[in-house]
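Presented as structure tokens, the chain that follows is alone, the form predicted alone.
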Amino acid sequence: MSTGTDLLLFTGAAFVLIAVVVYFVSIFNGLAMLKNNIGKSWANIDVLLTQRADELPNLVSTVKGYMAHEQKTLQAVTDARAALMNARTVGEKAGVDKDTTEAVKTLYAVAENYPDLKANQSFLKLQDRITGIENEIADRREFYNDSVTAYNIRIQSIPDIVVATALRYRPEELFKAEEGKRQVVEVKI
């Protein structure tokens, strides 16, 4: 073989190797971006869950005077807040989030029986604030689940699965309602 052919083969092999490395790096960077988006979107949910938990004692203290005989309802909100503050994993927080949402909805439903409470400006402001936070949480859950879905699809698709397997990337868990929490809640007043 001549040196020209050797040089041509060497150059071709070098280009193929460079192309493979660049392709691997681009897959790695794409997966890293998706994984970081999941972390960022979860952090956004966590901030809102904490904000809501911080507002709940104010809500309970505001309604306590009006709803003295509704201790079970008030205790459910207090217990849900405590559980939320103690939850650590995405799954735990997702389950506790549903309990907290249901406790707050029940509190609002019971508050309908107290005209003086419904006219209380502090209560109305807290109700608006917590309702706004609930809506933001729902939006952030959707973004989190979109991020998790995009990531899970990528790590299970060819050729990304090769890189994901090498890096030991595992599918992430969606933020979803527990089976029992999907049922309609009956509020008896």
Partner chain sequence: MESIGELLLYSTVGFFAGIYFFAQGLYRFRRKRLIEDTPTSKIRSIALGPVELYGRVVPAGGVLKSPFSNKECVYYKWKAEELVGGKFKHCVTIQEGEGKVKFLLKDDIGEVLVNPSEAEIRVKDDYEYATGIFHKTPENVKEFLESAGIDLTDLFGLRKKIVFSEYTIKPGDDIYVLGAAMTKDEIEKPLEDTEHTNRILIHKAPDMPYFISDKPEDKLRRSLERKAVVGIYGGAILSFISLVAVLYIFRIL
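Numbering follows the first chain given and starts at 1. These numbers come from a predicted model, not from an experiment. Rigid core (definition): largest C-alpha set, two forms, superposition within 1.5 Å.
There is another form of this protein, the form predicted together with its partner chain, and it is not shown here; the text below is about that form.
Contact between Asp160 and its partner chain in the model of the complex is found at the 4.5 Å heavy atom cutoff.
Under a 4.5 angstroms non-hydrogen atom cutoff, its partner chain in the model of the complex has Ile27 among its neighbouring residues.
A residue is said to contact a partner when one of its heavy atoms sits within 4.5 Å of a partner heavy atom; Ala166 fails this definition for its partner chain in the model of the complex, lying far away. Its partner chain is not drawn, but in the model of the complex it has no heavy atom within 4.5 Å of Gln127.
Annotated contacts: Met33, Asn135 and Arg154 all touch its partner chain in the model of the complex [non-hydrogen atom within 4.5 angstroms].
Although its partner chain is not shown here, in the model of the complex the stretch 136 to 167 places heavy atoms of Glu136, Asp139, Arg140, Glu142, Phe143, Asp146, Ser147, Arg154, Asp160 within 4.5 Å of it, in sequence order. Taking the rigid core as fixed, one finds a CA shift for Ser26 of 2 Å or more between the shown form and the other one.
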